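Same protein, same chain, two forms; see structure 1 and structure 2 below, as structure tokens.
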Structure 1
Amino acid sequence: MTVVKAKAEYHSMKSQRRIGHALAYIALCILAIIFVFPIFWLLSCSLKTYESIFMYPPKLIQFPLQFINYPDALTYETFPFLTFILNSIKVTLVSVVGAVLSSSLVGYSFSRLKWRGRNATFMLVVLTMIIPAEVVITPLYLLYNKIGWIDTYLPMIVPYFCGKAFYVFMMRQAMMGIPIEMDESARMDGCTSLQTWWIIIMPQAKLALIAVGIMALQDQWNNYLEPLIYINSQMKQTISVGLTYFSGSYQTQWHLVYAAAVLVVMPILILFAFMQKYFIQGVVVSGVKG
């Protein structure tokens, strides 16, 4: 009797679970469609003619597909979009190198070297993570103006070489997890701190280095406020601000704006396709309890 009852209960539990899973699937599918739709729409608009973008009712896909929009966007006369992209690539790559190098050096100091005041200084690093960088844009602008950094990339790049607090935090957390015996034996073999950092710690912290690199890449590629403030010459502008030039002009060529937007988004998406793990890694570490 009790066995039958238990069995029935088990079966009802199982069917309940199945219903639960089905509901979860349905919810996920609906939400997934909603989430994907804007990206699909961006692609679709980038392949339309100027007129069909403003058609009402809007068409999901307009044939024939206007692949010509892409070369057109790159060679658009009024705004040198290709130059914007190249500028962004330049600034971003240099920033990534700076972020990886500086944050690993500083992270090494905060995780492997013992010095008086280390932990208090690290608390300061954590504290500065909470201060919005926007608080100092006005004085920074004035200071940069005094030393002639306006209309150069230095205000955007140099901070990346100075170990941004969040990247330092990430590197330190990652390096804390490397067994201390590794650098002890390196020391025994007569390695200096610098050698230990380069030979022992850097290879061990590879995952975190890539994660920091990707975050720096995303941050700088996305950077909008700083180029908007610091860059005056159009030829020096980066893509985030460049895109808004495109869309803010008198007769906006919207089909080209969308093609350009796709070109801006694509590098990150392609990189994500190859390095999913590292993207997620960065986010996961940032979720570590403070």
Structure 2
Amino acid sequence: MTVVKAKAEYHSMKSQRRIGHALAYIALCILAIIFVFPIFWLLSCSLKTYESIFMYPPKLIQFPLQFINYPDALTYETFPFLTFILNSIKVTLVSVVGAVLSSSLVGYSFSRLKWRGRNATFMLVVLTMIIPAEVVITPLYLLYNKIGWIDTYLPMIVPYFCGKAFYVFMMRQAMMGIPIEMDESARMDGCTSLQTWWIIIMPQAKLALIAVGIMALQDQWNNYLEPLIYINSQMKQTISVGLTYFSGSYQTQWHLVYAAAVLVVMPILILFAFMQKYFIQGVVVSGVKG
């Protein structure tokens, strides 16, 4: 009887586990649909005519598909798409390099070097993350205007070379998980602190570096407020602000806006699709040590 009862309990637990897994999968599928639907709707609207976008009831897919929207968006008279894209690529790539180098160097100082006031300074850096960017935009504008940086890319690029707080936090946490004996061995071999950072620590923290690079790329590529505030010339604008130039004298060409938005979003989605494994691992590694 005991064996029969144990088997019954085992099968009951197994059934409950299967039900739990099934419910979890159903919940995940529902969430996936919720998160993917805006992307699908963006793609759908990019293949519609202007009039069909505002049809009621709306249709998910409107035939015939208007693939002509994409070349029309690229050649729209008030929308120099390639110029805006090149501006965004230039600003984004330089910013990513700055974010990776500065955050790793500052994170190395906070995690590996011993100096007076290190922990207090790190807490101060972390506390700056609670300050909204909109709060400091006015004093920063006055400062940049004073030194002649308005209508240049410097106000958007230079902060990435100064160690942004969240990136520094991630790199510090990741480097805390690297054995300190590696630093000691490097110093015994005659390496300076900078050489230890570059030769020993950087390769060990590559996952966190990839995560920081992806986040910096996304932040700068999608940056809207700063180009809007700091850039005055149309031909210097980035693509995030450039999309607003689809506004005509009488109406906004929404079908072309959607087509251009798809072209802008796709590089980020493709990059994340290929790099998500390393991004997730980098985020996990950054949270190992406290």
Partner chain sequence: MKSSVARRSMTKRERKELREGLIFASPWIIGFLCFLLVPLVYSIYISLTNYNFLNTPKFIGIANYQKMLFKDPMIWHSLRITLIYALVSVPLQMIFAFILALLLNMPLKGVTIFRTIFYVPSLVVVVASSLLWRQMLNTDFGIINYILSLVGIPKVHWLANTGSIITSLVIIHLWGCGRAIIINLSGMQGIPTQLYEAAEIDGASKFRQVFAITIPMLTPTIFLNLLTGMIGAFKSFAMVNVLTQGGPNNASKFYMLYLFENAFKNYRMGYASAMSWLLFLIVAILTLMIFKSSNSWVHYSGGVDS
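Whichever C-alpha set is largest while still superposing within 1.5 Å between the two forms counts as the rigid core. Residue numbering: sequential along structure 1, first residue numbered 1. Just so it is clear, the model here is predicted, and its values are computed rather than measured.
S.K.: Only one of the two shown forms is the form predicted alone, so please name it by number.
M.R.: Structure 2.
S.K.: Using a rigid core alignment, state whether the CA of Asp72 is displaced by 2 Å or more between the two structures.
M.R.: Moves: yes, 2 Å or greater.
S.K.: State yes or no: after fitting on the rigid core, is the Cα displacement of Met266 between the two structures at least 2 Å?
M.R.: No, the C-alpha moves less than 2 Å.
S.K.: Given a core-based superposition, decide whether the C-alpha of Ser52 shifts by 2 Å or more between the two structures.
M.R.: The answer is yes; the displacement is at least 2 Å.
S.K.: Report, in Å with one decimal, the C-alpha displacement of Gly20 between the two structures after core superposition.
M.R.: In the core superposition between the two structures, the C-alpha of Gly20 moves 4.8 Å.
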